[in-house]
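Subsequent text provides C-alpha cells for two forms of one protein chain, presented individually as structure 1 and structure 2.
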Structure 1
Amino acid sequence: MSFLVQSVRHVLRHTTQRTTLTGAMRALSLSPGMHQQNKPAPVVDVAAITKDQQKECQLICDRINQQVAKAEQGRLFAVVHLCGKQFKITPGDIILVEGYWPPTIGDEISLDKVLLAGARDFTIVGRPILEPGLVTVKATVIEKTLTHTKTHFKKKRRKQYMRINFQRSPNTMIRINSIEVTQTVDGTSKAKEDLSRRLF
C-alpha cells in the first residue's frame, strides 16, 4: 500500500512540474502559441508602404538639396578611406598618413573613397562608399617626414649577444582643402572627373 501511495505522489509531483514548465516555456518562446496559429495573417499593402516611404525619402532629399543650393548646411564633414584607414575630416584639417605613400610635397589630390558625408542637419551614408562624384574631397600634400627614432634592443644573457637597431618610418601630412556636395542627393547625373589630378 505504501508503495502505491509513493508512486501516486511521484506521478502527481511530475505532472505539476511539467505543466508549470510548459506554461513558462510557452510564455518565453518566440514562436506563436497554439491559439494564435489558427488566425489568418494580417494583410499588409506593400505598395502603400513603399509609396509612403518614397514620399518621405523624396522630402528629405529635397530639404538636403535646398540647403546645399543655398549654402546653409554649415561646415561639412566626411569619413574617407585612405591607405587602409578611415579618417573623419573637415575642411582645414591636417591628417597624418603612416607608411610609404607615393605623392610628393605640393601635390593636389582628390580623395574618392568617401564613406559618408554630412553637416549639422543631415548625413549621407554610403553602402559602403558614396557614388563617385556625389561628394568631392580635395587635399594637398604639405609635408613628408620620418617618425621619431624607435630603438629595437636584443640581448641574450651569457651568450655575448647584443644587437641595437634603429627604425624610422616615413609619414605624409595632408591638409584637407575642401569638402563639397557636387550633385543633387537623389540625382543620377555624373559629375565630370578631373583625371589629370585624380590620384587616389
Structure 2
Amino acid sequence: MSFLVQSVRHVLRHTTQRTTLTGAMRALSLSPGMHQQNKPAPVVDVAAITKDQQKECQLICDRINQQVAKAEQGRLFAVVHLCGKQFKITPGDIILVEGYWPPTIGDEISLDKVLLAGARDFTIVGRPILEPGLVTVKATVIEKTLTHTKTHFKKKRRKQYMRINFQRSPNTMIRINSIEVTQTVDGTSKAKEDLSRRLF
C-alpha cells in the first residue's frame, strides 16, 4: 500500500519536473529544486506504470485523505531525524538528544525532517523525507541536564602510564506534543514554494 503511494507521488513529481525544468538544467544541477529529496531521480518510464495501477494509487490516496478529513485515522506515529539520529515517535513520547543542543527548556519546536508517518491503516514513506508541510510534528523541550559521571580510565601495564578522566555530557529531553497530517497526501505543487525557505 505504501509502495503504491510512493510510486504515485514519484510519478507526479516526475511529471512536474519535466514541465518546469529543461534537461540541461537538470544535468547541471543548478536548480533550487535539486534538494536532497529529488536529487538524480532514477529514470522511470511513466508509461511503464499502467493506467489501472495509477487509478488504484489514486484510490488509495483518496481513502487516506478521507480518513484524515474525518479524523478517523487514530493515533499517528512518525520517524523523525533529529541531531543525527532517527527516532520513532508518537504523541506523548519522550526522546533524548545527546550532546550540545541550543534549545532551552520550555521551547516549543517543530521537527521538520519527517522520514515516515503512519497510522493504523496506512503509512506514508518519504524519499528520504516527506514533503515539507505534509506532516507537522510539535514538541516541547522539558529538560536540559548532564549525564551521570562517566569514568574514562586508561592504563598500560609495566609502562608507568595511567590516566583517569571524568566526563559529563549534556542531554536534552523532549516531549512530543502532536503529530498531524496537515495536507492532502497527493498534493505535490505546494511544496515548491516552501523549498527556498527550507534549510535542508
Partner chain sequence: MSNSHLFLKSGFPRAPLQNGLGRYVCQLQRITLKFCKNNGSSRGMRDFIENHLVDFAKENPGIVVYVKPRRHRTPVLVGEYLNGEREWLNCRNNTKDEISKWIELLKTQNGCSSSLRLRKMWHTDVPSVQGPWTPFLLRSPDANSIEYPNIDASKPLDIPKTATDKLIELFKKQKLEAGDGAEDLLKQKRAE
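Counting starts at 1 and follows the sequence of structure 1. Everything numeric here is computed off the predicted structure, so don't read it as measured data. Think of the rigid core as the biggest set of C-alphas that the two forms share within 1.5 Å after superposition.
**Student:** Which of these two, 1 or 2, is the form predicted on its own?
**Tutor:** Note: form predicted on its own is structure 1; the other is not.
**Student:** Any chance the CA of residue 166 moves 2 angstroms or more between structure 1 and structure 2, core superposed?
**Tutor:** It does not reach a 2 Å shift.
**Student:** Could you check whether the CA atom of residue 175 moves 2 Å or more between structure 1 and structure 2, using the rigid core for the fit?
**Tutor:** Shift of 2 Å or more: no.
**Student:** State yes or no: after fitting on the rigid core, is the Cα displacement of residue 148 between structure 1 and structure 2 at least 2 Å?
**Tutor:** No, the C-alpha moves less than 2 Å.
**Student:** Let me know the CA shift of residue 157 between structure 1 and structure 2 in Å, rounded to one decimal, core fitted.
**Tutor:** Taking the core as reference, the C-alpha of residue 157 is shifted 4.5 Å.
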